[in-house]
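Just the one chain here, laid out as structure tokens, in the form predicted on its own.
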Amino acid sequence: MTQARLETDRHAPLAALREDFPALQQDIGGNGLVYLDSAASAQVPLSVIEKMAQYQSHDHANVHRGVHTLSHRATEAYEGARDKVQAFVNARSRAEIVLTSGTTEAINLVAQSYCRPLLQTGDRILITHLEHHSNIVPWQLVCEQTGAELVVAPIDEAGQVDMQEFTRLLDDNVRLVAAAHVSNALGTINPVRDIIARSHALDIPVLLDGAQGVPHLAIDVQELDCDFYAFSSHKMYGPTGVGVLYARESLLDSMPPYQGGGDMILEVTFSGTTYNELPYKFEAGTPNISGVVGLGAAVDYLQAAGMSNIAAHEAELLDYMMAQLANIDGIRLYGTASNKASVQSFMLEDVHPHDLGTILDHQGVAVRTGHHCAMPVMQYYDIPGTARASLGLYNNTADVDRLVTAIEKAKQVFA
């Protein structure tokens, strides 16, 4: 289905969208590709590829600084993408949309620019046991730099945050709460509205790692009432190397720049520098222009497909996948929260996940194996890692059936 058809038929069956993804139209080892690794990187639709190619072929120039036609075109495309992102997450102002290299940089920006000037010995940062390394290590670094303490809210066997313990840890010494919207390892959708409400009752700001939230759920940062929301283009059918930090304008105003260099300045002298207005104060250097153009095209694609349509399709497919996997003898499912999105981790008997993943790949089924950059989650379950099947809008029940068949064949290999 083409982008043009999507725009005229917003309720078209999502199954038809599979045709929009060139990478899915190939064989692996003589088998049609079943791609179940979208939580790591989603595939890219042709409309995004073409938009980036058009920029590179006709409009490539540096942004903001040129008076010639190509620079104007590049700037319009770049800033147009920012406007699309603002509308996509319903930020109050385009000044609240900082373009970064990804979720990781966005979180590091908050750690170094917001937290580091604020923290001192005795202060705390509160996270959960579900976090991706990118929402752990930046806080460890800033705590080492300032003498603050990192504290962790525990999870239960289903992979859900213990909210009673979270509330106990949420005291007057906590300066920031950072939590995943959706766990990349287990698929748990955290009770983020409850987390935010309890934190704001003590005037504690909240950062949400939205890398796994944005591709699957309709995001409204004003309705969520979060203070920071970070996400990546390549999880949402766009290119790698691009991401977004949403932050309240009042907070961004109070924060010093994260990096220095071109485009984040208004005036430079040897005696001092006047910084640029928001959001450019946090966008030093020549940006990934083609990547941002691709991000804008990915937002267009998701908007045309309809986030409510995507959420409904994936929820139904996840239920089907969990039920089919549970019927396989020797399978252990990890992450059985009552509220989940598009991810299921599992182990097959005592087979190492890497070995299982290799056998599945020989059958054209691509899953992720290992600790999924969430080693504390694996340590909680006392396992080396899992195989992880993650869904995108282009998956269907036939993909799940292929996964199940491939696992059954793997059982025969390892018997």
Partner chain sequence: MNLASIQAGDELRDLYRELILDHSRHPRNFGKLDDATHTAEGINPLCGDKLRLYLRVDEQQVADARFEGSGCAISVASASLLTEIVVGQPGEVALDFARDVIGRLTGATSPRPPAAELGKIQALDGVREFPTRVKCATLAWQALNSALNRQTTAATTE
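Just so we're clear, the structure is a prediction, and the values are computed from it rather than from any experiment. Positions refer to the first chain, counted from 1.
If you look for the form predicted in complex with the partner chain, you will not find it shown, but the lines that follow are about it.
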Answer yes if any heavy atom of residue 326 is within 4.5 Å of a heavy atom of the partner chain in the predicted complex; otherwise answer no.
no
Would you please decide whether residue 158 lies within 4.5 angstroms of the partner chain in the predicted complex, comparing each non-hydrogen atom pair?
no
Could you tell me if residue 202 has a non-hydrogen atom within 4.5 Å of the partner chain in the predicted complex?
no
Is residue 359 one of the residues lying within 4.5 Å of the partner chain in the predicted complex, judged by heavy atom distances?
yes
Exactly one residue in 253, 267, 220, 316 has a non-hydrogen atom within 4.5 Å of the partner chain in the predicted complex; which is it?
267
At a 4.5 angstroms cut-off on non-hydrogen atoms, which residues of 276-290 are near the partner chain in the predicted complex? List them in order.
276, 277, 280
